[in-house]
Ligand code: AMP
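A lone chain, given as structure tokens: the form predicted alone.
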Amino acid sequence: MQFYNTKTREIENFKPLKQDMVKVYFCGPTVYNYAHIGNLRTFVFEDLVIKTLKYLWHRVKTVMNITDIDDKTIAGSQAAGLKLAEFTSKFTDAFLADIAKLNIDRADEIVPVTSLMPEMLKIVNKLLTRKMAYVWEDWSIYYDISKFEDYGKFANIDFAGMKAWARVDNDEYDKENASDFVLWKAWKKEDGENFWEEKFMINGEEKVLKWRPGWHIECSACNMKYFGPQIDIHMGGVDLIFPHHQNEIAQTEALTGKEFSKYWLHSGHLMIDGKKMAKSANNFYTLSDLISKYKDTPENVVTRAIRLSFLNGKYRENIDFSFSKLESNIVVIKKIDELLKKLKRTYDNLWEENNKISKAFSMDLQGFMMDYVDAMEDDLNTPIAISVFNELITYLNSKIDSLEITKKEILASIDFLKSFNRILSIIDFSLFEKEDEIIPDNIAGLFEARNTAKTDKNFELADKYRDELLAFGYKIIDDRTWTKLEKI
């Protein structure tokens, strides 16, 4: 399996640090608002990586943080008149509900930053002792980037002209403002009750400071607690390369003296009709916004179509989202659902005779699988993988339509679809597995009358009964050898 490693800027063969466990960390949300679809695109990408690793027989452990203390969460909680924990738990729950709707598996460990205070304190004290950090005049503690020889290399920044002793206490900033970054922020009046009092060793003396953590220290502390000094894969959106991931590397490797993460994987931006998503541009959407917009379509059809929209582009590239593209993917999902229904109907109506899997059918399926795996091993080439998946859908439809499929071949097809879906997560197998619904007597009577009229070639009357059934929410499926009634 190959990945593009942001750190080396090369495609590399994946080789875990240890064969028995792949350690994977990804940055979680800052829970001050509902996640927008650009955020969710990143989490679908991370889910794709993890599911592909598991599909290829790797044992994987995953950890994700939840940023529940920072400038935005404090300001948001105060504006809402809520305690910080109450405010952030609301948006944490909303985020977890969103990723469930997109068939994103939860991380094995989901860690609120406020639970990591002992680990963060330990890291900062060690950095102070090693002179990699210093206390500023307001008693905030900063990381001295001049002490880390390779600072900027990961983010491809030249610091030759950097202004000496510049500092930034904002969590988010751009390359033009690169400078010493804050590890611990001294308490300010606007922080209200959101602070901790801890002991720090400053110039060999113990001092109690009133503070709260900066953004970058949290992920280093989370990794140290759950994984130790080294991990296999660190993931996130491309916007996190600088400053967040660069700062994680600096503080963690200064602490441990070891390579922090062997592989760094980043997803591109989600654009809206070719433009960057922003509330000011009136193109800022949450998952709930899209579900509401398509309220006449079943929710799980819409959410699977959204996931498919994200998978249609290569993860490292920016992808363009539009309502027309989403609507096209809704059509695709409905076609997939219809295939599952067709497989179910055909299976239920086939005779048991000649119930075998032909050599040709088996070889055809194996060919699809080989092409699919090759695409996923090639730096997660989902456009090619989905193209192979669509070819499989067309192939199975042709087999059903020509009655060139047996019951065992249908079951083998379902197993293959499940194998594909272990990564894609866009198929609703309940459509094949559910029992036939009991048809009410009045509906069954109309269905029988329609079939009798059709047999008698009274097509006008047959169409009348068909329309009445549609009004009751039932459609008729006619095949060359059988007919079936299905609830819409």
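Not measured: the values here are computed from a predicted model. Numbering starts at 1 and runs along the sequence shown.
Omitted here: the form predicted together with ligand AMP. The next part is about that form.
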Ligand AMP contact at Gly236 in the model of the complex, heavy atom, 4.5 Å
yes
Proximity of Arg450 to ligand AMP in the model of the complex, heavy atoms at 4.5 Å
no
Could you tell me if Gly192 has a non-hydrogen atom within 4.5 Å of ligand AMP in the model of the complex?
no
Residue-level contact is defined here as any heavy atom of the residue lying within 4.5 Å of ligand AMP in the model of the complex; does Gly367 satisfy this criterion?
no
Candidate stretches 424-432, 34-42, 451-459, 55-63, one within 4.5 Å of ligand AMP in the model of the complex by heavy atom
34-42
Here the chain is shown alone; which of Lys359, Lys276, Lys131, Lys418 has a heavy atom within 4.5 Å of ligand AMP in the model of the complex?
Lys276
Taking 4.5 Å between heavy atoms as the contact cutoff, choose which of Met120, Ile104, Ala186, Leu270 touches ligand AMP in the model of the complex.
Leu270
